[in-house]
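Heads up, the chain below is alone and in the form predicted alone; it's given as structure tokens.
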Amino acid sequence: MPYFDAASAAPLHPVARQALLAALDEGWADPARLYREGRRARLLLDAAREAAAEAVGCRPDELVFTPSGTRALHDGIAGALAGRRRVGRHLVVSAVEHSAVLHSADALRAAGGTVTEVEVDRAGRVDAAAYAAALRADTALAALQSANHEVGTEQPVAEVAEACRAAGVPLLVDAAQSLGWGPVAPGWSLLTASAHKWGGPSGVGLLAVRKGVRFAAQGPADERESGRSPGFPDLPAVVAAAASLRAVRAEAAAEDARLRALVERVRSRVPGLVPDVEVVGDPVRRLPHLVTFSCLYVDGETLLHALDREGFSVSSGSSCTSSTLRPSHVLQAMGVLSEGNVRLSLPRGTSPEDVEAFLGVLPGVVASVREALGAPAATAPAAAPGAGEELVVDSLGKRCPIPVIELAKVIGDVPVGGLVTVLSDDEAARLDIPAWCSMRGQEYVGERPAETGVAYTVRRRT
């Protein structure tokens, strides 16, 4: 069964498995103890730290292991903000950061601090000049991911790092998605990563803090991991994480070229196989193994279940696959279609045959989901003789993609220049109706509050 969700969790690398089993026998003791078992454990921990630091590009004493990548982000942001509290309480982030960063930003706001979110373009990339303009005299910290976890777009880390250096602001880089593929551009002050993203075991994160960066670890003091990550380390998992990071980096160049070609095959062929599809993310400056596309008139959860029944494990940023029923903040910030969103992130070793098999079943799966939802044909019908100039569609209480489907069904009932207003209380409509207009050559007039929900108005152009 092809597994295409490595961006969430990559399969355990064989080297990680071997190192984990060996460390369970040799590294079970407390590495802080002086007897032989403790010394043996300490040697394993030190070796793992040196290997991880080499891959990150820092000194071993600048790197600590944490219980997860999320914990590394939370602790890294909190510690850097606390260390620079005399400078100010302003944080700069991009609008497409991982939710762990945005949750830390929310905590800062709740405590009286301020946050600036730098917008991105339709490819999901920040403009380095815009990011630099967001830095202020009271900025305590800036955060920027190396590459996006949902659409694969790489960020201009080097340019932003230079702007931060000039402003005297430390830059935290979330390298969770990219570290297994190569080193991060220089200039960062703090860096975080997560082992299960590159094929290591879950439960291991990395936090690197450069010497000279003001940092005050939060919470009760602990003597382990330089006081930055409390508690007894999961030494076997740490050893496996470091060993697998070294292994995947050795394989990275060959796998980069191979998987990039497979992803390009998906990017180029899906729009021809499935009508009304938007492939999102930067087509060039991207992770080698990740591709995301969105399908009009498709319920994301239903689509993922249908693909699962066909034997393909994929992910989605669609609002219909989340418990909040809100669209992905990444897709929302990009201003692209969110409904029917599919993310493929290919693990190392994915075969061309698996990708071809996916492309073979995708058109039929999408067509069946659209048929079940009553989606319209790809081309809108001609305007009905004598049709009125404006039409109101009540989609209140209906979730994605129904409001867009109902809009598409009636757009042909008004003449060219006529208006259709859709009433909806689904947050995804704010994103998906304008995206539908862009894809189908119609004019999005705008939105206004309604008695219930929001009124979205579209003018027929074609």
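The shown structure was predicted, so the numbers you read here are calculated from the model rather than taken from an experiment. Numbers follow the displayed sequence, beginning with 1.
We do not show the form predicted in complex with another copy of the chain, though everything after this point is about it.
- Only one segment in the set 334-342, 209-217, 257-265, 231-239 has residues whose heavy atoms sit within 4.5 Å of another copy of the chain in the predicted bound form; it is 231-239.
- Within 4.5 Å of any heavy atom of another copy of the chain in the predicted bound form lies no heavy atom of residue 412.
- Of the heavy atoms in residue 462, none are within 4.5 Å of another copy of the chain in the predicted bound form.
- Taking non-hydrogen atoms only, residue 37 approaches another copy of the chain to within 4.5 angstroms in the predicted bound form.
- For residue 434, no non-hydrogen atom is located within 4.5 Å of another copy of the chain in the predicted bound form, even though that partner is not displayed.
- Proximity to another copy of the chain in the predicted bound form, defined as a heavy atom within 4.5 Å, holds among 119, 390, 222, 356 only for 222.
- Note on contacts: among 178, 153, 104, 189, the single residue with a heavy atom within 4.5 Å of another copy of the chain in the predicted bound form is 104.
- Contacts between stretch 67-101 and another copy of the chain, counted in the predicted bound form as any heavy atom lying within 4.5 Å, involve 67, 68, 70, 71, 74, 75, listed in sequence order.
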